[in-house]
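Coming up is one lone chain in C-alpha cells, specifically the form predicted alone.
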Amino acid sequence: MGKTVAETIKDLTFDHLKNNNGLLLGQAITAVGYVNHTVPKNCPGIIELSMADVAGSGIAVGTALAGRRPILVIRFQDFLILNGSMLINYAAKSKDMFQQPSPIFVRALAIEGHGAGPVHSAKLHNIFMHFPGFRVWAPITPNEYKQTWTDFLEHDDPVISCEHRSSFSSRDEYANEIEPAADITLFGISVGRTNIIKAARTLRAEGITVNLVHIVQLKPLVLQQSWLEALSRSHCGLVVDTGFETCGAGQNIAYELMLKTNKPVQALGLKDVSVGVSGDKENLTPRPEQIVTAVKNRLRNRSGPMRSA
C-alpha cells in the first residue's frame, strides 16, 4: 500500500531539511500535531515563527535570498493575506527586478466545513495566480505532491502549494477519463475533483456521458491537447473550483478553454458570500448534487446562456 499525502509531505520535508540544507518556518509547528502529521519530529531546520504574520514571510524571503530554499507553512490560507505583502512584492518580483530569485515553497493549507468559520476557510489560489512570478499548484494526491515539489526544486521561483487538509489521509491517485464523445467535460480543481468524480457516477447512471479532467498545475496553466480535444468533442464544459466563483480561477480557466475550442464552458465555485461558523452559513466547494444540477441545466439550455445551479 502506498503512502498517504501526509506521509509523502513528511518524507519530502525530512529529506529537504536533513540533506538539502533546507529550512521549514511557520507558527506553532510543533505545538499542534506537527501540522497534521506532515512535518517530521525532532528534525533540524525547523524554525518556530512568532504570531506576527506580517513578519513571517519576510523572514522566509531572507532565508531564500541566503540560499536555503525555505518551506513556509501557512496553516490557514486566510493568513496568506497578511503574509502576502512580502511574498507578492518581493519574493515574486525579485527575480525580474533585481535578478535575484527568491525560491520559497509556501505550503498554504485549506480546510472547510466543521465550523471552521470566517477566517479559517479560504481557498485563495486565484489571488496568487493573478500576480506575476508565482508558480501555483493544487495537489491532492501523493504523486501530485511529489510533482509539485520537483517543480519547486527545478525552478527558482516561489511556489504556492495550495493544499487541502481533507486530502492528507488519502492514498488515491486520479487519472483523466476521456470518452470518444461525451455530453460534457468536467474540469476539477483541488477537492472539487473528488466531487466531480461523485457527480459523474450519478450522471452516467442517468445516461449522461461525462469526461473528467484533473487540473493540478494552475500557473503556469498548460491546457493539454488531450483536454482540448475532449472538450471539442463535447457539447460543453464545466470547471468546478474550490475557490470563489466571482473573478476566480475557474472563470479564468473556463475563458481560456472557450478561446481554444469555441465551446461554451461554465465555472462553478463558492458563492459570493462570507462563510460563517454555523452549518447553515458554510460556503463549501460545490457539492456533487450541485454539479449534477449545473450539468443538467447546461445541457438543457445548450443554445442559450449558461445558468448556475
Partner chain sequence: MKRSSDYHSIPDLAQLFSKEQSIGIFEKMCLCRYFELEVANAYEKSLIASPIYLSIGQESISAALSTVISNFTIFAQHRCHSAYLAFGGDQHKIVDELLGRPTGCAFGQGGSPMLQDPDIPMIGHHGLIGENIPLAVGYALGSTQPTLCLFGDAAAEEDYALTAMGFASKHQLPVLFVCEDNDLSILTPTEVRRNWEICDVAQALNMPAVDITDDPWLIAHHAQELIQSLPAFINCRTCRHYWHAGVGIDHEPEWDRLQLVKDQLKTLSINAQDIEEQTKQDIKGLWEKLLPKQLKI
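Everything numeric in this text was worked out from a predicted model, so none of it was measured. Numbering follows the first chain given and starts at 1.
Although it is not shown, the form predicted together with the partner chain is what the next lines describe.
- Taking the partner from elsewhere, every residue among E48, L65 and Q99 has a non-hydrogen atom within 4.5 angstroms of the partner chain in the model of the complex.
- A heavy atom within 4.5 Å of the partner chain in the model of the complex is found for exactly one of L259, A52, V273, V32: A52.
- Here is the short version: of Q147, S85, S166, T202, the single residue with a heavy atom within 4.5 Å of the partner chain in the model of the complex is S85.
- Contact annotation: L25 falls within 4.5 Å of the partner chain in the model of the complex, judged by heavy atom distances.
- In the model of the complex, no heavy atom of L284 sits within 4.5 Å of the partner chain.
- Although the partner is absent here, S226 sits far enough away that none of its heavy atoms falls within 4.5 Å of the partner chain in the model of the complex.
- Although the partner is absent from this view, K93 contacts the partner chain in the model of the complex, with a non-hydrogen atom inside 4.5 angstroms.
- None of 194 to 202, 234 to 242, 132 to 140, 85 to 93 except one has non-hydrogen atoms within 4.5 angstroms of the partner chain in the model of the complex; the exception is 85 to 93.
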